[in-house]
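Encoded as structure tokens, the following chain is the form predicted on its own, with no partner shown.
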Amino acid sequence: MLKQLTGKDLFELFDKLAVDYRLLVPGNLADDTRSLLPWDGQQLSLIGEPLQRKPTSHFFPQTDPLLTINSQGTTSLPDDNEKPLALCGLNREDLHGITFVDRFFSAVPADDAYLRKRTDALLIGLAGFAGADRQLLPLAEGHCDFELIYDQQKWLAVAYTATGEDWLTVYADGSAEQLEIIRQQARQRSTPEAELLQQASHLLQADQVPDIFWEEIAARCICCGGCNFVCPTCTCFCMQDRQTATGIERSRVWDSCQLDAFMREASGYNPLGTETLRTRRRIHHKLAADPHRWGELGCVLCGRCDRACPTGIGMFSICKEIVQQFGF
């Protein structure tokens, strides 16, 4: 289903969505960065820099209360009476990240805490000339309920699910010709990052990267964990119990494979006891272990880790060094 929406149509659509969902749309913060903010009928910034906060954090939050145990020993789960989430303005990489994490948390045994938030959520993609400086964002071609595509004059909307079709059915039909032009332009766009990651992945899987390389990379790491905390496909967590006024609250909290305590055992033994081993694991996991387990890279090319890393050892930067030093 292909539709065409005016600016007025968009605002009316968001008003309707906000009745059934907790709708979050791209908006500008005080420092002019963009983030997903609650729809208030006015705040909207569909065109601009990529969102730095990873979209998967809305379903897998940094601190996620799982249960509460009161003084009598009775267990209770978090209140699930909230409306389901609707996330608007996710680019192709964001949507691929959510799809990747969906598969991870849905694998046996399925993660009920994640699925409670994810089930019935609505995903709205963003493509077309809606990037920074109106750069062309490639179409997601799925992975969402419907996608908004800016052709520099109007918004096209493509539905990929029955739910998406229901929300778009009242709008005028769009131009298939214009959609195809945008699709072809996006396909012709050079993607050196994707080729770079594939080359680095092949080298890692062929065991062509020596330990000395990881020692050099690890020497630059300051163990801030930023690379993990902005990555939309990172799923590691630890458990935390906290005394509250009503009892013990058990939560899961994001963990980082770059931190010293990540795999440290109660005995004190740590199988990842050096920064070299931890740094190698971070990259090897995304580019070698994930392809072996899931059939695809664990990196979705969002670039968040490279933008966040203060010492320049994000995924793209490291892969570039791997290919330059050890490529054929």
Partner chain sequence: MNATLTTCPYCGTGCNFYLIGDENDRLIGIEPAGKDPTSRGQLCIKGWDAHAFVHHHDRLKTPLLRCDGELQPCSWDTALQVIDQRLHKVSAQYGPDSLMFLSSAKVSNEENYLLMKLARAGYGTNNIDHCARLCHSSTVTGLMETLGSGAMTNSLNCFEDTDLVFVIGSNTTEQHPLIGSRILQAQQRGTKLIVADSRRIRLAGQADLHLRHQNGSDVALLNGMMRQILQDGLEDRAFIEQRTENFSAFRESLDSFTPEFAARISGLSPKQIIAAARTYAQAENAMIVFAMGITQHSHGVDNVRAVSNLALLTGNLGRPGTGINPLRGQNNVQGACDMGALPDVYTGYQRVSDPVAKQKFAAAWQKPLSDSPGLMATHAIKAAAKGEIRGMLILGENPMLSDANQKLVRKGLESLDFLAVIDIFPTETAQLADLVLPAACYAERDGTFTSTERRVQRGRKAVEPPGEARADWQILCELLQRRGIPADYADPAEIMAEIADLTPSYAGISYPRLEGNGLQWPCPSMEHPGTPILHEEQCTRGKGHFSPTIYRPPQELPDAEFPFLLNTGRTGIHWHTGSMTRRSHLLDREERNAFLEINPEDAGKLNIRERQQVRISSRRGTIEAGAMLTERVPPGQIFIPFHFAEGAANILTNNALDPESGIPEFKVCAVKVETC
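All values reported here derive from a predicted model rather than from experimental measurement. Numbering follows the first chain given and starts at 1.
Keep in mind the form predicted in complex with the partner chain is missing from the figure; the text below concerns it.
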- prompt: Just one of T33, T274, Q43, N70 has a heavy atom within 4.5 Å of the partner chain in the predicted bound form. Which one?
  reply: T33
- line: Residue within 4.5 Å of the partner chain in the predicted bound form by heavy atom, from E193, D102, E93, D255, is D255
message: Can you work out whether N81 and the partner chain are in contact in the predicted bound form, taking contact to mean some heavy atom pair no more than 4.5 Å apart?
response: yes
task: Determine whether any heavy atom of Q135 comes within 4.5 Å of a heavy atom of the partner chain in the predicted bound form, and answer yes or no.
output: no
message: Just checking whether H143 would be counted as a contact of the partner chain in the predicted bound form - the rule being heavy atoms within 4.5 angstroms.
response: no
- request: Using a 4.5 Å heavy atom cut-off, state whether R220 contacts the partner chain in the predicted bound form.
  value: yes
The partner chain in the predicted bound form: contacting segment from 225-233, 93-101, 147-155, 161-169, heavy atom within 4.5 Å: 225-233
- request: Please state whether all three residues M1, E12 and V19 have a non-hydrogen atom within 4.5 angstroms of the partner chain in the predicted bound form.
  value: no
